[in-house]
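As structure tokens, one chain now follows by itself in the form predicted on its own.
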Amino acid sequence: METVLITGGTGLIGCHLIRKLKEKGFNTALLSRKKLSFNTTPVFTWDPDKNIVDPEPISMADYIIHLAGAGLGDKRWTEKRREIILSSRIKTGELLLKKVLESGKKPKAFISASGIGYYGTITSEKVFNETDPHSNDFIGEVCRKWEEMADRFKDSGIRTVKFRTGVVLSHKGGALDRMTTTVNLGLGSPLGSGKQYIPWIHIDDLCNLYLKAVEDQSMTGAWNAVSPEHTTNSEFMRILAKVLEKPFFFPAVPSFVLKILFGRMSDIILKGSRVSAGKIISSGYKFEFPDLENALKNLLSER
């Protein structure tokens, strides 16, 4: 059985992905900053700040999935937080590459998370695809450097895949938890103008894409990991209220309030453009949850 090594694997996506990989017959292993007990998946420790990593999982990995990175929406974007957001993605990848090359065993593929922030935190009429250039704003630069780090694996002769991921919807945790709490309180409303788009993806589809990237040797380069349905913030909140059978009458939350609460981080809430899923569909992938209403019904029925 082949082994998939996952960084950041104890988070929202990693926990779900491990289950999917095991169902398909893969062994899994995790790299974590803390020694944990994680079901039947062995956990190995690393400390990217000190350039320390247990060499055993590197030598046993047939594939590496790199999910590690500080959450964009966890804290205000102070200068220190911005540095952590960047280094937690770049430094970890650089350490992995160094240890892979030292081990003498190259994995069959290196699969890295990235984000739709690559295209910038803007609201426009453009539908972005994988050939579009990166933005020069903070998140655009983070994603650019993130992907350049991943491309160093490609330059070393390792098949490399990068997923520019939208808002991940899960039955537990993440953005949907926060939005559901608000709507359940009867406070469902658009944020700001409500015209900004929310490129989203059901966690099952995202994990299926990672599985496809492991198994499909023709997959290389950047891929948008978003649903084919384009949904504005206002539409998203209205559909969520409908699924929860809650009112959708509350006035929109003014932009200035969100800017006061979240500072520069408010850009990822108040802005958003459409992102194309055309490339992944053309590759033969069929989404399990292509429309928001059915995706939400599925996720909220599991609570």
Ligand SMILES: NC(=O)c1ccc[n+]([C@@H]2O[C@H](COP(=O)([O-])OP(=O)(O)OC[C@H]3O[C@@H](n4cnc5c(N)ncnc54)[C@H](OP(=O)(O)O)[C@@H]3O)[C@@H](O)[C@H]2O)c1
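The numbering used is simple: start at 1 and walk along the sequence shown. Please read all numbers here as calculations on a predicted model, not as lab measurements.
Omitted here: the form predicted together with this ligand. The next part is about that form.
For the chain shown alone, Asn224 is not a contact residue for this ligand in the model of the complex, no non-hydrogen atom being within 4.5 angstroms. Interface membership of Trp146, defined by any non-hydrogen atom within 4.5 Å of this ligand in the model of the complex, is confirmed. Under a 4.5 angstroms non-hydrogen atom cutoff, this ligand in the model of the complex has Leu12 among its neighbouring residues. Taking non-hydrogen atoms only, Lys162 never approaches this ligand to within 4.5 angstroms in the model of the complex.
Heavy atoms within 4.5 Å of this ligand in the model of the complex belong, among the stretches 211-219, 164-172, 124-132, 186-194, to residues of 164-172. For the three residues His202, Arg238 and Ala295, a heavy atom within 4.5 Å of this ligand turns up in the model of the complex in no case. The contact with this ligand in the model of the complex, taken as any heavy atom within 4.5 Å, belongs to Leu67 out of Val53, Leu67, Leu270, Val243. Though this ligand is absent from this view, in the model of the complex it lies within 4.5 Å of a heavy atom of just one residue from Met179, Ala113, Leu95, Ile139, which is Ala113. In the model of the complex, no residue of 97-111 lies within 4.5 Å of this ligand by any heavy atom.
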